[in-house]
Structures are given as C-alpha cells and as structure tokens.
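This document opens with one chain alone, in structure tokens, the form predicted on its own.
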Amino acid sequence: MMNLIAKYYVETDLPIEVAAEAIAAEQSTGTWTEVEGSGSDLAASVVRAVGNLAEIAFPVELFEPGNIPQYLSVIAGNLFGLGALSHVRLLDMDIPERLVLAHKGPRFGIEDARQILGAYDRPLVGTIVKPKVGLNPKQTAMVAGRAVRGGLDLIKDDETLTDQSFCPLPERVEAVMAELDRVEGETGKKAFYAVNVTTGADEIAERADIAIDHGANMVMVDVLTAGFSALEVLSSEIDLPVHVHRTMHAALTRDRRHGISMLAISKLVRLAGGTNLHTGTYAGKMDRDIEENDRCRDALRESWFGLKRVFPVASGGVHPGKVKGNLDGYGIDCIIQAGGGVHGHPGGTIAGARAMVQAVDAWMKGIPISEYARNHRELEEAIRLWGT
C-alpha cells in the first residue's frame, strides 16, 4: 500500500511515541475512544518518533486524488487542536506519485515564462507597483511603463489591489498593457504584468477572463486567502502564467514550533499550478529561515514526476544592495523583486529599475557590487542611499 508520509515537529508532555500515535489516530480512523473499525487498513501509522520529530504514514486510499483541500484536512487538520500537544508543525510531506499525477501542475513553468520573454540564462527582475493602493489606472500604467523602460521583466499588483472603485481591474489592465505595448514597440523590451484576480471561487475564472479580454499576459492570485483550488482553476482554465502571492502565510509559517511550513505550501502550489511563488528572501525585511528557503527552492525546481518547474520569488525589503545575497541563495532560476527598492530610488522608477538590473549584472559577472557601481550611476546612487 502506498503512503503519504507527513513529517511533524511536536512539543508535548507525552512520550513522543504516544503523541505520534495520537496524531495518526486523530487524522485517520481513530477518535478519543475505541470504536468498531478504528483498526482498519486505512489507519495511519507511525513511521518514526524521536525527540520532537514524528513521521506518520497515511495510506493513499485516505485521499481523494486531485482534492487538495481534502489532503490538508487529513495531514493538517484537527491535530493542531489536540490539547495534549502544546505545539505541532507540519514540516514536510512526501506525496506519492498517484496523488501528484492527479494534478496537472503548472501550465506555464520556468522554461515557458523565459520563452515568452526571450530571457534566458539570467534571473528575472520584477517590481510591485507602489504605492500599493491609491493609484488610478493611468497612474498605475505610468509606473509600470517606467519600470519596464528601466529593464524589468515583471510588474505586479500588490496583494491588496483587486477591483476597487479607485482602480477598476478592466481599465487598469487595459491601461497597463497599452503602456507596456508602447514601451516594447520603442525599446523591444517584453514584460509580464501580473494582475491580481483574487476573488471568490465562484468568480475567479470569470475575473481572469475579463483580464484576458483587456489584454492581460499574466494573472496573480493570493493563494492562501483564495485557496489552492482557486489557483488550480486558474492554471487549468486560463491560458496564462500564474503569479502566486503568499499573503497571510506568516500566520501559518512564522512560528517554527507550530503551524505549517512554507515547504509544504510550496509543494501544494506546484501541484496546483503556479508559475511563480513568493518563497522568501535570503536578504530582506521579512522574517526568514535560510534552510527552509533552500528546501522551498529545491521543491519548486527539482524533478517531480514530470511537473513543470516553478520560479521562486525573492520579495520584501529588497533593493540593489540585497541582490547578491538573494541570488547567492536562489541562483539563476528565480525572480528577484523590489518595490520600494525600485520606486524609492533618488532618480525615480526608471533609475531604480536600472539599478536593480545593474546589481544582477554585477552578480552574473562575479564583480563586487561596489566596484561595478563605479561605472554605473544608478547603482551607485542606490548603494549610497540603502547600502549593501
């Protein structure tokens, strides 16, 4: 019998073996007392329980293939409320081939996105439109166009901008894409605009279709607020790459002793079909776990039963001086993204975009950023403001 192996960190006053058995029972066939049939072949079993670590084997028959919400009900359900466990965290899961192949994964992976942009053998560089809310469609397009003129590959909405009255989605997409077409015609530079289509499950595909009707070349979803199924709908029904924001993730991931790891979320996003996923920075403003960054990076890009590879995205407090630290961690196949680190540049958005691209160029050439900045004014100004 094939199993899904879930790995947990556990803190409890019980012996770890007893705690692990409680998790296995609660999340499969058991309950708080003996009932007929609780010892069936569908019962989960303890593979290992040592120190604070427990590995539980869940028979594949417990899962409805293709149903990520149901997977989470099994491996990340009631166990968080068990009174005998003071802390418990889902660290990882080894998902059997049968369940992986019940999902199509990304329609557009790393290689597809690179082909659309004609950008090979280098990291992609992106930005977030700032201020994150408050701009009208024309103003949003102006910011986006300047970023692409500065050399950026991807412009995205922030997580709180959807279809508000001050910046309606149809008008915003039309204005931004018209500006990006204008910039491409003048410079030859192609770029994605990831428009945030996050909404309820009953409307998300329709909203994405509206974005496409107005020229969109990428959509974005806040996966944890909308749900993994919303992402899967977008990936399977919409013929565009999908940028995945992880807003709200820290409610699950930040406590290293409790909740759900970013690694587990990364695997589910790849199953559900994301093209790009915010996975954290090696250098930035957000709380980080370097080892978990490594594991997320690998889970998105390593071979996995034929599913396409996903771009990890470094974002949050990034500026040119932070580029090397992030690229040392992620390598070429990533997107490095700066919001304030582009638009807050003393020379404005175009100069800020150029400074980010120059910092990437310095890393690609193996030249120290301070040395490279001597002959690149925009980078020099960014370093003078923000440091390295």
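Just so it is clear, the model here is predicted, and its values are computed rather than measured. Residue indices: 1-based, along the sequence shown.
What comes next is about the form predicted in complex with 2-carboxyarabinitol-1,5-diphosphate (CAP), which does not appear here.
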Quick one: find which of 230-238, 314-322, 101-109, 251-259 has residues within 4.5 Å of 2-carboxyarabinitol-1,5-diphosphate (CAP) in the predicted complex by heavy atom distance.
314-322
Would you mind picking the one in G66, G329, G340, G348 that has a heavy atom within 4.5 Å of 2-carboxyarabinitol-1,5-diphosphate (CAP) in the predicted complex?
G340
2-carboxyarabinitol-1,5-diphosphate (CAP): the contacting residue among D289, D163, E171, E159 in the predicted complex [heavy atom, 4.5 Å]
E159
Is R295 close enough to touch 2-carboxyarabinitol-1,5-diphosphate (CAP) in the predicted complex, meaning at least one heavy atom pair within 4.5 Å?
no
Does A272 reach 2-carboxyarabinitol-1,5-diphosphate (CAP) in the predicted complex if we count a contact as any heavy atom within 4.5 Å?
no
Is there a non-hydrogen atom of I128 within 4.5 angstroms of a non-hydrogen atom of 2-carboxyarabinitol-1,5-diphosphate (CAP) in the predicted complex?
yes
Would K138 count as a contact of 2-carboxyarabinitol-1,5-diphosphate (CAP) in the predicted complex, using a 4.5 angstroms cut-off between non-hydrogen atoms?
no
Sequence order please: the residues of 221-255 with a heavy atom within 4.5 Å of 2-carboxyarabinitol-1,5-diphosphate (CAP) in the predicted complex.
H245, R246, H249
